[in-house]
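Take a look at this single chain, the form predicted on its own, given in structure tokens.
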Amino acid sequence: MPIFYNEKNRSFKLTAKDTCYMLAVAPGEYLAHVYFGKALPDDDLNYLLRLDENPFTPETNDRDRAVYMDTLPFEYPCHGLGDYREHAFAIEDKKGATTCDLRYKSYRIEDGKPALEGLPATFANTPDEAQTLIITMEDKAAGLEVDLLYTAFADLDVITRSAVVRNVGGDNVTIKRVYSAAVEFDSEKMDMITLNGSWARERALERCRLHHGKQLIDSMRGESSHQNNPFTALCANNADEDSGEVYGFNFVYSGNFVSEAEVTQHKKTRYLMGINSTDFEWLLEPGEAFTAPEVVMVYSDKGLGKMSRTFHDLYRQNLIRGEYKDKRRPILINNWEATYFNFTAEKLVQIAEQASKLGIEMLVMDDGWFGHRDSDNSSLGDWFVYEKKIEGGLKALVDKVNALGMKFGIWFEPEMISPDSELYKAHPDWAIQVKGRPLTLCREQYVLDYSRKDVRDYIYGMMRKILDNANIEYIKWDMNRQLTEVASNALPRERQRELWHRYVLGVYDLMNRLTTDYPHILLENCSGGGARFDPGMLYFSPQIWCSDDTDAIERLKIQYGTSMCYPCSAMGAHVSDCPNHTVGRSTPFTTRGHVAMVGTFGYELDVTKIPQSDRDAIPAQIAEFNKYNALVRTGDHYRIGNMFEDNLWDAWEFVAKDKSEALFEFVQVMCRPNERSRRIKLKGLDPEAYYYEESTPEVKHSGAALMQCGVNIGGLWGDYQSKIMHFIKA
């Protein structure tokens, strides 16, 4: 069974495929972490707690309890009792004291996986797919109970963690910190891998050796952010793509977060992940509960690649939902880089007429269709049609596009409000703001207070009028600025610091309403590109716009970093015009297609103006995408090249689950003179089977040879050239 309780030694063992996670009730009713790693047959590993060593347990040496507290590997460490390592949980009681003392109370085991109230989370499709351990801790003095939730997935190397705090006493308690997971490692000899960056260069891989003290990434922007993604991997110093132990952590949350590793005085490592406690408080009145978001933990004994593929499988099967969960996404053309704000209904129809002839399936009308929006200086919040641009109304435009055999999509930025808008004139108090202080503009806009149901109801009412008026089949939901002056006109003083989290809950509420009321609509999230590329968003939308940088060469790094944790099927990726609008680079149309084919695939250009040779190439490019999309969307992804280490080339591979076929893609970034062909070793094939490349069926090689010896890639002349090879089992 996935979860087992050993009554004799009061220990818990969770088994998730080839992974084992163990914890135990230590003397004093403290919950201690025992083991996390490769599956073991043992049910008792409590000797790892070193309870027979100095300072021993409080039962035998109570005079040194503080030393015991500062050395025990706590499963959910609290503040104020002598554990001076970083803590996961802190409160303030009615007297202003901040000490918390959680002790073990009880446990229960449930089949399946319970939902988290108001929050996105992974799920079990059937009760036998996962099992959940719920350990209840209590602080009797504070009148608190904390449920620690652990779910083990039977067929995946995945353990998920969360916590639910309940006030069972008679007095108010203020939560000062409530992380979702803490894990103890018995060594400091690990590297910390994070995905960092900025707008247009998101999720760049960074790897650093752990050292004494605290190392962290975080966000305090009100979103998971361009700057730091809520993903971290801790790995052995010698771990690489295909070998070595790796522990991956991902936060199913779209707001402020922290991911922190601390190397302690005894050269151990404590890792924690959760809602950022900076500027965070939550008033918990008697009878109330607070639910912390989920942390997904993945163990791999075969390097970063296996870790990534586990995340991919989990998110494709147990996080992404809805009609498009297992379907190819429509091939769309977005008018943003084609026209920006300078378009009319007539121009959009012209694009659709040409696009439909080439096999493109959907037209997406981006920013600029509402209010009196001719630039990004106005109209956010005024979600009614700009009749000057859309003459005849939205329905007439959509009907014309539908008549061409194309679907129609539309852009919203529902969380924002422009100072120059009818909504702001009527409700300036709906913007997040500190009374008496000027509001900080960014992109000439403010942020709506989504902690307020009346605000959410109003915005959703406007969106519904648009969606009910015409046959809209796709929404791009954007969010183009961070939060500042974080205070609410609707919250009392003692709850102002709750706004960061209440804002995110409000976004989730509206997205949940939208996807429930309009299940046929394909929702794509976006936040200035990739500022909210996180699993919280994936729960509501099966794809996220990967980055505003659509340059094929820049995308090699962006999509590489993204694939560390997120499936390629979720990466919004388009073929755009050249010179690229972000970096000015010109790349071959074929290469742009091959790079976009890794993701959802679409076009971001004016198809009526591009060179005829590019236009003529689109039908074949679409046919190629259609041919391989099922393999890309459902297969195992293997990273072969690494632009962060060698920027001359990149390569990757998708292998069918049954290993019957593989798609290999190669990009020559820089051409070098006087060099032989590059030999690339494939991955993930059946070593005992024979394969042929589709273009040369008469030549067969074993999977072992293709992986151990490789294939020669040559004949590419010039920079930014690409090549694909399709291997089929003979």
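Note that residue numbering follows the sequence shown and begins at 1. Keep in mind the model is a prediction, meaning the values are calculated, not measured.
What comes next is about the form predicted in complex with ligand GLA, which does not appear here.
At the 4.5 Å threshold, heavy atoms of C526 reach ligand GLA in the predicted bound form.
For D101, no non-hydrogen atom is located within 4.5 Å of ligand GLA in the predicted bound form, even though that partner is not displayed.
When ligand GLA is considered in the predicted bound form, S488 lies well away from it, no heavy atom lying within 4.5 Å. The closest non-hydrogen atom of R329 lies beyond 4.5 Å of ligand GLA in the predicted bound form. Exactly one listed residue, out of K113, H501, K476, K306, brings a non-hydrogen atom to within 4.5 Å of ligand GLA in the predicted bound form: K476.
Contact with ligand GLA in the predicted bound form, defined as a heavy atom within 4.5 Å, holds for exactly one of D420, D606, D366, D509, namely D366. Shown alone, this chain has one stretch from 527-535, 128-136, 105-113, 75-83 that lies within 4.5 Å of ligand GLA in the predicted bound form by heavy atoms: 527-535. Using a 4.5 Å cut-off on any heavy atom, the one residue of 388-415 that reaches ligand GLA in the predicted bound form is W411.
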